[in-house]
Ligand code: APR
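Read the single chain below, which is given as structure tokens and is the form predicted alone.
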């Protein structure tokens, strides 16, 4: 790919750009920010590791100059105010919706064919904002949440079982945050159901910790996480650029799948060169369906806040 752009040179954006560059996914990785010198400095720092870490992707930083992003095949949006202690994701909406709208419009102007991955919080609703601002089909505009959440889930399970995280395959659905729906029934360690390896009480504790995984890090470091979110977004970029058809949980627009409509929600999808190639529907039991419905209703409430702002 000729060019990939990461918007927002904060911790998440810079980490994402760094991982993308290390994977040599494009001839050029553009890092852009509104704050003078930040993107340029971080891009230069990343580029100076190329000879050390053996990659060839040129990393370029620019201040608010979207012309330099022209023709990007994939754009990752991380812009927005980070979450502070005591602040819910929903509190972020009024500020971040305006930011996401503005940057998405600029992205589409210079890269009309780009696939857009949203990382800004509150994730589900900011993905909806980007979708509205872009006027693109929904398979080209989606959010990064499930890969991060399953990454946390798998790391907690790896600790509990003392096994390699890569041997754990897990799935979760729903909104990004306290209403997410981890699915122990669909979690396995190299094919062995996790329910055979851990008791219900311990599994329930891990599920609850996963739901509050973002908040745990905010309380520890005073701001949102960045290493895992940045790497998770880069993994989605890789699946698209290399047309891998990887099956990942992704924040996607549902139009009848799982009996839900007109809501951006985390579901398993096949991710390839066209973005979301397919939304995969799995069988859910009664309790899982109720949890997913509840998560959907929670997200829709915040989507309504955005609609009532009449930004679009």
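Here the structure is a predicted model, which means the values were calculated and not measured. Positions refer to the first chain, counted from 1.
Omitted from view is the form predicted together with this ligand, to which the following refers.
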Point to revise | Stretch in contact, per heavy atom within 4.5 angstroms of this ligand in the predicted complex, of 95-103, 109-117, 183-191, 196-204 | key: 95-103
**Study point:** Proximity of residue 50 to this ligand in the predicted complex, heavy atoms at 4.5 Å
**Key:** no
Check your understanding: With the partner left out of view, is residue 12 within 4.5 angstroms of this ligand in the predicted complex by any non-hydrogen atom?
Key -> yes
Review point. Looking at the partner-bound form in the predicted complex, is residue 279 within 4.5 Å of this ligand by any heavy atom?
Key: no
Point to revise | this ligand contact at residue 4 in the predicted complex, heavy atom, 4.5 Å | key: no
Practice item. Just give me the residues of 63-79, first to last, that have a heavy atom within 4.5 Å of this ligand in the predicted complex. Key: 66, 78, 79
